[in-house]
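Consider the single chain below, provided in structure tokens and representing the form predicted on its own.
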Amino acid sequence: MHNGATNYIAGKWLQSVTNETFTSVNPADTSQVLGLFARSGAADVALAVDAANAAFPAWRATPPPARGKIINRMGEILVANKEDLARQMSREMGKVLVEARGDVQEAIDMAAYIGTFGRLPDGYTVGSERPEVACFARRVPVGVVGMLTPWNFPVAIPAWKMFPALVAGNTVVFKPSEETPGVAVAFVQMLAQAGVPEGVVNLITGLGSEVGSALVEAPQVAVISFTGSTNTGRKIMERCATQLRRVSCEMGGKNAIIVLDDADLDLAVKGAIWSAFGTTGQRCTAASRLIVHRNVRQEFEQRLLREISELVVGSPSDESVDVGPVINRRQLEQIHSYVKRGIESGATLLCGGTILTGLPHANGCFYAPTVLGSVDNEMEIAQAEIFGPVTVIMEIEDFDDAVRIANGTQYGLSLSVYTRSNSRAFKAIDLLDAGLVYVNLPTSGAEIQLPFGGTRNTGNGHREAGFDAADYCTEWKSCYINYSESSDLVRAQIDV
């Protein structure tokens, strides 16, 4: 058992002020305790924020290419440690190994991409309306960035948030999910190895209600970056609004795959299986709605159920396993309660719907891959983010019906359409209200060179990754330089 009951503050691993700890367990076998970690409090957060604030001037003054070089080095370290980190992730949060490796690869790709930004333009020049005046605008860092990250992508999401912030010249206080503290400790150890200076990245472990709240309230934090539930994100935005503090929130989703009557059904079924049951449905981009045209619904359903029957549920350390555990017993019971209420409201159970209790599932948090049919858009099961291996089939009449139902939730993260028609595909791209739209592809599968985020109650307008990845933690500064040797005052916005 690993004892990681320390925080990383100002380049040192320090005992928490509280002297309290919490455990991290293996969701595939909850009797296996993986480590003890610091259950920190507000005083620990204050120390970390002070350290980040003190380190900011020197880090901001570090040339951008030098900052980018450190992130590139971090990418090399991640490559060297990819397998070990993936296996640690698989044990701590239950992601099957092939997906855990992909999680680390996402961070590797982000390091390679964002590291180059240290040598890219950080603004633009324009002509002035006044003679002998130069005008340009550039991005500048905001200061201390507080990061609150989830457990389902414990390497990729911190990389999405942190690498752009660091290359832009900000410093960081990082609060990971209490479900994956071990992976966060390993990630920060690698950053230190890459050469991130003392105080530039600080790690505080603990509970969201204690550490997360304190970080949101800390007056020296310039911006909060949060990924998690819509309810929590709304509370964070409310607190930040009262303090006039910037906040970037990436929140819930109720994503859908539309299968039209001209779709390649083999391809659509493969996309549905991956979108619904990849990461055991614990993705913000998971497809928990399959919106299928009535002409192909029965055939699609039969093919889907046949493929699901071949999925192997078990320990994520087994390379033959397709679906691992859900994160904890509380989530397991919540998933099951959604399914039971769905059936009570009139949905038909097509497969699954059970907590798996026999060997080899006895000590873990395993739920059978589940599909519900006869679902209409007013049911809770069609509206709520379940965050588990559960999806529903909803029958539609035509293209317009499909778009209406796909857009008919509070969320707008990821929507997909399967069709052989270019006309329908481009109309769907125009009409679907989501930050990500896929054609003949699953709802899960974002690439780091495009912006990631959603509309409506999925996000608050900011995006992660892509060319503008540092927008959330930088400010525009417009500059005017009079290089004339004349003593005459030259004014702008004055009619001559």
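All residue numbers are counted from 1 along the displayed sequence. Please read these numbers as outputs of a predicted model, since none were measured by experiment.
The same protein has a further form, the form predicted together with a small molecule, not shown here; the description that follows concerns it.
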Listed residue that, although the small molecule is not shown, lies within 4.5 Å of it in the model of the complex (heavy atoms), from Gly102, Gly408, Gly208, Pro360: Gly208
Looking at Glu395, Asp322, Glu178, Glu106 here, can you tell me which has any non-hydrogen atom within 4.5 angstroms of the small molecule in the model of the complex? Glu178
Checking a candidate spot here: are Trp151, Arg239 and Met251 all in contact with the small molecule in the model of the complex (at least one heavy atom each within 4.5 Å)? yes
Is Thr443 part of the interface with the small molecule in the model of the complex - any heavy atom within 4.5 Å? no
Check Ser90 for me: does it contact the small molecule in the model of the complex (non-hydrogen atoms, 4.5 angstroms)? no
Ser40 within 4.5 Å of the small molecule in the model of the complex, heavy atoms: no
Are any of the heavy atoms in Thr227 no more than 4.5 Å from a heavy atom of the small molecule in the model of the complex? yes
With the partner removed from view, which of 28 to 36, 450 to 458, 57 to 65, 467 to 475 is the stretch that lies within 4.5 Å of the small molecule in the model of the complex, judged by heavy atom distances? 450 to 458
